[in-house]
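You are given structure tokens for the same protein chain in two forms, set apart as structure 1 and structure 2.
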Structure 1
């Protein structure tokens, strides 16, 4: 026990040591003088989400987002707003027309990134997003959100490499599956299915192919063909067959990856898909009513959800997010027709 005031003097020694130390010891003077100096943010660091696209030549067409709306639903503060793109005939285009993120609401939780099955949305680490306004200025739209895969690789090398490898493996698996799938499809001998594979039509680099209006097809045929060719071009899989004759449910399911479902093609319209599934059991009809993106927003793929509804395991008919109200209504109608509701 020292004299009274000893503690006070010890304290003064400590502060004196810190005073001197702050001039010589980097450990003590930790200040970083932003904006002249900046800290290297760690790779995991996250701020706001952005959307990844693959090809610089056409960001909109090559973006990975398919507008499945999983992130919109899962986002805890509900800061994402998505409208699916449709062509003039109202056919879904498998990409968002509107994709807005309100960064004044976004709480940077990364849940959208974790739930995205397509690796389409990722976290940026740019923290300098101040604006002069509080309203429109803080809503990010599709053009600002789109960033290239190279950018993603640059800011998060480790994570992006893993994602790229996974995507590549998925694509290869898909291609491998598609090749054998052609055979059973052919042997299944669907009516009027030409067995001989024809060379692939020259696919334009863009995903959307429109059959010219002056081509010798009925509008219905034109629509079907456009959609079919578009998906073929987009998926990059050479079609084993092309059906020139429309109007019959004779579409070869050659590019259907996991089964023999001609309607499993998001490029088709709802009516067209249902037509294709006209003669099939209820489960297939239900499946045809879905958006065919296999986005897992419902917790299944399209096949699984249809089966679950058909067997009664799933009672909620509104789970198909990309199909929007159209699918939900159709599912209800189909179930009523089947007498199950």
Structure 2
């Protein structure tokens, strides 16, 4: 049993004890004297995105972003705007010239981070973004967005360490894949022992198709897909770039040399790209329908994806994320017109 107002009295005693104790015990002083004092935010907190670069000596050249525009396409409030850079001859460069984020619209959802295949965009934990103006002042441009990998490791050490380990492992895998290619050249000078001539094979052996390490698959999925595509290629399905068999008509004279396709320009509209590939084989037309960013989000570059579709090794026509539904619909139309769908 208690007297009337006992709970109120006990509450006031606790309040008084903390009030007096705050003058002697700092643990009882719960108010943070902002801005002189700031609360240390947790590592997994997030506010607005920033772009990571690896070398302090040249931030622009070492930034991880390749201007594939996947984050721009996938951003729910559409607050990201990207323009790919070009050299003095107008050739596209795999880096952004313009990268803007309207932080007054950004909903801090982190989808841009999740869809980026290059670990180029990450979430900051800086919450002090207020400005006097409500319009241009709240749009962050490329110079303000660029922050070093050292800064990333400082604010999110656990996450950044895992990303660095992944990128290092990917780089080592690529180096190992490139190393065997140099071995035959080194041994080519050795005299070979005379051997009996062997009958020419019906088809040249097909090299194993490697899935890029930055493709959006697990290691097990990449291994399975690599084996599957290699099996399909070895089964007799000739790739689009294979040499013509004797007796078959040569490729059209309008076919562009490898790596110099006039439609391989993300700045051109789809209709313009298709016009440039009008008199070319189906694989070139399929390539012209893609976004031309070579972002590898589909598991290929634009040329590889087009060849895989043309040969039947790839049946999913919706993998070009930057091209969205426009590319998927055009790929379907081109395959139907070619009688392959």
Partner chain sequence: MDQVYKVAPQLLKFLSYLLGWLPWIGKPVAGFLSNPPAWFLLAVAIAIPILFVVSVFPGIFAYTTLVERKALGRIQNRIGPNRVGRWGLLQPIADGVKLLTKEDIVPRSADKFVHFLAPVIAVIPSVLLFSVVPVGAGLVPVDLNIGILFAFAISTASVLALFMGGWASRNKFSLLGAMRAVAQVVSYEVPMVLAAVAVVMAAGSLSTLAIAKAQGGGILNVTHWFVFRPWGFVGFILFTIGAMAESARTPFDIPEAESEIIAGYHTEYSGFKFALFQLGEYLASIAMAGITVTMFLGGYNGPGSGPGILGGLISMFWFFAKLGGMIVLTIWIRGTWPRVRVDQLMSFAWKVLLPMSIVNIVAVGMWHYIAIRPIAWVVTTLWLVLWFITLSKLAASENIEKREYRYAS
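Everything numeric here is computed off the predicted structure, so don't read it as measured data. If you superpose the two forms and keep the largest set of C-alpha atoms that fall within 1.5 Å, you have the rigid core. Residue numbers count along the first chain shown, from 1.
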Form predicted in complex with its partner chain - which displayed structure it is: 1
Residue 62: CA shift of at least 2 Å between structure 1 and structure 2 after core fit? no
Aligned on the rigid core, do the two forms place the Cα of residue 276 2 Å or more apart, comparing between structure 1 and structure 2? yes
So, does residue 32 move by 2 Å or more at the CA between structure 1 and structure 2, with the core held fixed? yes
For residue 285, the CA shift between structure 1 and structure 2 after fitting the core, in Å, is 7.7
On a rigid core superposition, how far has the CA of residue 307 moved between structure 1 and structure 2, in Å, if you could check? 3.7
